[in-house]
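One chain comes next, on its own, written as structure tokens: the form predicted on its own.
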Amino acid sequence: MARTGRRRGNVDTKRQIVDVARAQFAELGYDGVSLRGIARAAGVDPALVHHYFDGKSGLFADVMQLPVDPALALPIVLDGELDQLGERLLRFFIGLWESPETGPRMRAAFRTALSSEESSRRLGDFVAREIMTRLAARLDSDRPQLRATLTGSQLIGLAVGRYLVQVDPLTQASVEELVTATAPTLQRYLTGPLPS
């Protein structure tokens, strides 16, 4: 007797879920996609999507080939004193790029995102929802969304200059030099006064 209903998990099922998710993220953007909708389009039980991926951010991280799921890593970075948050964020971010395990995947993900408008939009939606919103929620000051976005733009600019475009002397600077030069700026964005 032929089996009916949704497919169970196998080696190809995870790849099918990722392919469907990639198409849906491209068409609907990060906010427009639901795990149930992806499961329905892939012809699998929603529980199977949860089995393979730790929520929507985990699935997106896989689709974009991000080395970490910010939804899991960011709470660790955000925990602690606010007056050291800029340095913690910077050290975590640079650590991802400098690591032999995660650095190549960071470069690949960013190059992919910068290669097309669609990829840039997908990554931008994800960063806004999963990173900037969480960072803004952690801040105890005026204009938290602007502060989080300024911080993010500084980090992305550093990454593009040092790791993608490879501008000297930025590439020659040690991690400690980068932290000493950049962390105070991030901290000012996060907790310092902003012009009215």
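Residue indices: 1-based, along the sequence shown. These numbers come from a predicted model, not from an experiment.
The form predicted together with another copy of the chain exists for this protein as well; it is not shown, and the discussion that follows is about that form.
- The contact residue chosen from R134, H51, R40, R143 relative to another copy of the chain in the predicted complex is R143, the criterion being a non-hydrogen atom within 4.5 angstroms.
- None of 63-71, 25-33, 147-155, 40-48 except one has non-hydrogen atoms within 4.5 angstroms of another copy of the chain in the predicted complex; the exception is 147-155.
- L114 belongs to the set of residues with a heavy atom inside 4.5 Å of another copy of the chain in the predicted complex.
- Looking at E177, you'd find a heavy atom of it within 4.5 angstroms of another copy of the chain in the predicted complex.
- Looking at R88, you'd find every heavy atom of it more than 4.5 angstroms from another copy of the chain in the predicted complex.
- Interface membership of S120, defined by any non-hydrogen atom within 4.5 Å of another copy of the chain in the predicted complex, is confirmed.
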